[in-house]
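Consider the single chain below, provided in structure tokens and representing the form predicted alone.
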Amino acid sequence: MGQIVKIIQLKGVSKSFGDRRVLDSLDLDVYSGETLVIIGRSGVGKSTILKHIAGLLPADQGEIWVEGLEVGRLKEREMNELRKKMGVVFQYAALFDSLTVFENVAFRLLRDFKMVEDKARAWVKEKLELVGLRGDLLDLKPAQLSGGMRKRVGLARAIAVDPEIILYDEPTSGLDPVSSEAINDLIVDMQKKLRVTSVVVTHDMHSAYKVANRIAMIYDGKIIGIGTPDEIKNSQDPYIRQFVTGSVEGPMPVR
């Protein structure tokens, strides 16, 4: 059996916005090649964790390590090099409305990797096909696409740089059940085909169970439970049970 490698580590990370502490000495490890899903109620800091990993938000306290590098100590040039190994799938895809599908997917290829346009067009077609989209969509604008198609374009943009890490922020948010299931299948497919390490933020338990190798539950700024989908599904922790079952009976459990 090969050595288990920690690709991402959060050590005692705290973050506050004004008087509200969102992360409170949070610890979290993400292993090479796994899909870790972070669940929790809205506003508990799930997306904040992704922003810390991507170096978009500094921690007030603690350390964030990505591929052996402490993010908080990196200079801007070094952080930009590390980001070249990451792909981010934003909530609602976050495509540039004024750009075509090609220009959206190729954005980092042209800007950061200085790829020539002819090569980039062939590269983008390949990535679109990988997420189930036709190459003849290249010259369309996001407004001409369905919500599910925009999500796929967002995923194609994330994998365009052949990342080692993919960060997903609510990838099925705002989609109908059929489109959500298609995105879940794509996340699983990307892990198998590209062997990437993925961190997925969601409050959709169906999605979490389908795509995760492990699930971490965040509450009150800390990880209160982590394990396989079956372990989380069968957890006896009252707060985890209430969240994963969607039960609203009785008062909110107190920790």
Partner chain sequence: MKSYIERFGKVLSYFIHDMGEMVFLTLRINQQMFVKPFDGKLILQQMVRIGVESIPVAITTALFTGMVLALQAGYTLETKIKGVSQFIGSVVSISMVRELGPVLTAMVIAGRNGSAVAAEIGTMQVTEQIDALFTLAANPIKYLAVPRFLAFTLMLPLLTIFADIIGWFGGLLVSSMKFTSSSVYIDSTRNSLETGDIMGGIIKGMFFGAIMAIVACRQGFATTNGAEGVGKATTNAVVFSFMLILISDYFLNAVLIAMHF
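Positions refer to the first chain, counted from 1. Quick caveat, the model's predicted, so the values are computed rather than measured.
The next section is about a form of this same protein that is not shown, the form predicted together with its partner chain.
88 is the sole member of 137, 120, 88, 130 with a non-hydrogen atom lying within 4.5 angstroms of its partner chain in the model of the complex.
The single contact residue among 103, 176, 162, 185, judged by any heavy atom lying within 4.5 Å of its partner chain in the model of the complex, is 103. For the chain shown alone, residue 95 is a contact residue for its partner chain in the model of the complex, at least one non-hydrogen atom being within 4.5 angstroms. Remark: residue 51 counts among the residues lining its partner chain in the model of the complex, judged by a heavy atom distance of 4.5 Å or less.
Contact check for residue 80: a non-hydrogen atom falls within 4.5 Å of its partner chain in the model of the complex.
Contact check for residue 152: no non-hydrogen atom falls within 4.5 Å of its partner chain in the model of the complex. Of the candidate stretches 194-202, 51-59, 211-219, 38-46, only 51-59 has residues with heavy atoms within 4.5 Å of its partner chain in the model of the complex. For the three residues 76, 111 and 114, a heavy atom within 4.5 Å of its partner chain turns up in the model of the complex in every case.
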